[in-house]
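Okay, here we've got a single chain as C-alpha cells, the form predicted on its own, with questions on binding and movement later.
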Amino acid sequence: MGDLTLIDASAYALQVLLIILAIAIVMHKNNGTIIILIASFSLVTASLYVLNSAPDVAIAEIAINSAIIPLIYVISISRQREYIILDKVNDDFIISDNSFTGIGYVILKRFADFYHLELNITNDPGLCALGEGEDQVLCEATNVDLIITKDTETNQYVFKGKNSSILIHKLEQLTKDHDNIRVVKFKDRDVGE
C-alpha cells in the first residue's frame, strides 16, 4: 500500500504542473502567452483524464479547451480595432487649435485608417506624470499601444511602442521620411523585471 506506482507518480507530477500553469496564467500579462498557457493547461488536464481511464473525456478536453477556446481567444484579440495613444507632449503636434489637426494627428490618422483602426488618444495626467524610464513598463502593463514624447535636445517627437507589435514596425516605416519623428521600440521582457 505504501508503494508509489509510476502512474501515481505521473499523476502527482501532472497535478503539480497544473498548479504551476494556473499560477502562470493568472500572473502573466502577455495575451499570447496566456493563450498558450491555457492550451497547455488543457493538455495536462487531458493527460490526467487518460491516466484515470477516461479517454473520451480527454478527447473532448483536447478538442474544446486546447483547440477551439484558444482559437476563439486569438480571433477576439485580433479583432481589437482600437489603437491607444498616450500623448505626453501636450503641444500642437496632435491637438492644434483645440481640435485634432496637428501634423502628428494627421500622420497617425492616416496610419489608423490604412489599418482600419480607431484612434484613442489620451493625455491622462496620471499616466503622463510617469518618468521616461517607466514608459516601457507602462506600455507593457496597460493597453497603451503608443507613447508620444518629445526629445528636447533634438526637438524630435518620439513614438514609443512594443517591439513585438507589428503595428509599431509599420508606423516606423510610415514615419521614416519625417526627420522630426523617431520611433523607439521596447524590447520584450516580463513586467516584473
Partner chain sequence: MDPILTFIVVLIGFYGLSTSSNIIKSVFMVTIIESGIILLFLNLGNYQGGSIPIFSEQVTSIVDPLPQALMITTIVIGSTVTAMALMLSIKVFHYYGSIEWKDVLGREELKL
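Because the structure is predicted, anything quoted here is derived from the model rather than measured. Numbering follows the first chain given and starts at 1.
FYI, the form predicted together with the partner chain isn't displayed, but the following is about it.
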- Using heavy atoms and a 4.5 Å limit, would one call N180 a contact residue for the partner chain in the model of the complex? no
Can any non-hydrogen atom of T149 be found within 4.5 angstroms of the partner chain in the model of the complex?
no
ask   = Do Y157 and the partner chain come within 4.5 Å of each other in the model of the complex, heavy atoms counted?
value = no
*May I ask you to check whether E82 falls inside a 4.5 Å heavy atom distance of the partner chain in the model of the complex?*
yes
Restricting to 42-63, the residues within 4.5 Å of the partner chain in the model of the complex through any heavy atom are T45, L48, Y49, L51, N52, S53, A54, P55, D56, V57, A60, E61
Taking the shown form as reference, the Cα pair I38 and S165 shifts by 3 Å or more in the model of the complex and sits farther
Checked in the model of the complex: CA of F114 to CA of N30 differs by 3 Å or more, atoms lying closer
